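We begin with a single chain expressed as structure tokens, specifically the form predicted alone.
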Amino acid sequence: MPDLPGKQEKLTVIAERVEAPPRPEAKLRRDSHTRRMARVGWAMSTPALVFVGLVTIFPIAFSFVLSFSNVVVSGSGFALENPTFGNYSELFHSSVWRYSLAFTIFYTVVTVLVEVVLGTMIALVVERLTKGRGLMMSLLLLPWSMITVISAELWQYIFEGTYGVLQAIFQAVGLGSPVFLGTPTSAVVAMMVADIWKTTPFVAVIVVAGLVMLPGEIFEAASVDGASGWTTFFKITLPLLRPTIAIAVLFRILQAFGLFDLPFVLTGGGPGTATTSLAILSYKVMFEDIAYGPGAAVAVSATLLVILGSLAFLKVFRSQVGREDVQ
């Protein structure tokens, strides 16, 4: 075959071109294109970043400044005078603030714990469904997708002491006429029930996503070895779900600690101060008592506690499942 050497030379030249490193001018063109696209990306995202800064970062920074200021309110507006730690001193000596802090922590721990347990149980059932899983997921999302204010109005109608649904049910079965929102204990329990009903589906959806991602080979091997359902759950499923549950718990801690709209609509922070969270207390101090400095101090204290609690929670889970699983 006389044309074989020519073909061989062509193949060699093509191979050299493929293996040859890119020319400097080509690399420069690619780098220039990358920088140009980066500038375009920054130019397109700058308006959104500015908007986020105005509506999120600026209020937080301004609240921090207010918390260390003596705010003087007059008919022409307000002025910041004499930077002071007096707002925080007043805060730490306030029994109302201490109660609001204790209530917020207690409420967060109880609701998040119940939601994680119930959400995990629901997720285990939904994950095993072979038919109708999509319909069940849609039904699960209905309470969570409902606006909290609307949900609070719904539960207020259920718990109302005169014409409420539960009031009618209790009277129909001869259990009297309990006042669900009229006493501190019952009001706290009623608010927890409303919150758990709304946000448990959120935890369930996250856990279902984690269950779907688990490798099936491990469970097949456990079944072959004769492991029971409880052993498989506690020894395999639960440890593998820890990073997923950590994400759900972290989101719920952030939401529960900033509790505002549910008690604002359902109980107004009452009866008395029974359901007054830190967010409700900050609102009342700032906009009802017109004390902007102490109100900002309450808000800043809640923010710092959320940050510290989240960092501590992440540190605990990193020590259990590894840094790479939680990041």
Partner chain sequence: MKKVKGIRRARVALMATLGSAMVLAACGSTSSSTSSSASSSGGSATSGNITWWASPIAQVGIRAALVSAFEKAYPKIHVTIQSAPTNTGTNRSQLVTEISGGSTTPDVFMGDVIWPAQFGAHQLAVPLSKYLPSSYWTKFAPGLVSGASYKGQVYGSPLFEDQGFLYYRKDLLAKAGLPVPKTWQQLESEAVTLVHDHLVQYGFVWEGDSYEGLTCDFMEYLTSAGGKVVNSSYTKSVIDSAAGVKALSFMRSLITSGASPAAVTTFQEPQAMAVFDAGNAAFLRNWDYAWSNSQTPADSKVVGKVGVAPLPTFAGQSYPGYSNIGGWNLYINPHTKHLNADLTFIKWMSSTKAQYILGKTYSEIPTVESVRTALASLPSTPPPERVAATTRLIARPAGTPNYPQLSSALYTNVNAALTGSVSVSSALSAAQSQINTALSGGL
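Numbering follows the first chain given and starts at 1. All values reported here derive from a predicted model rather than from experimental measurement.
Another form exists, predicted in complex with its partner chain; not displayed. Remarks below refer to it.
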| field | All of 106, 176 and 309 within 4.5 Å of its partner chain in the predicted bound form, heavy atom check | value | no
| query | When its partner chain is placed as it is in the predicted bound form, which of 116 to 124, 208 to 216, 249 to 257, 88 to 96 ends up with heavy atoms within 4.5 Å of it? | reply | 88 to 96
| field | is_contact(residue 267, its partner chain) in the predicted bound form, heavy atom dist at most 4.5 Å | value | yes
| Is there a non-hydrogen atom of residue 42 within 4.5 angstroms of a non-hydrogen atom of its partner chain in the predicted bound form? | no
| Might residue 54 be said to contact its partner chain in the predicted bound form, defining contact as any heavy atom within 4.5 Å? | yes
| query | Does the 4.5 Å heavy atom contact test between residue 273 and its partner chain in the predicted bound form come out positive? | reply | yes
| Considering its partner chain in the predicted bound form, which of 285, 300, 278, 262 comes within 4.5 Å of it through any heavy atom? | 285
| note | in the predicted bound form, the residue from 233, 78, 170, 197 with a non-hydrogen atom within 4.5 Å of its partner chain is 78
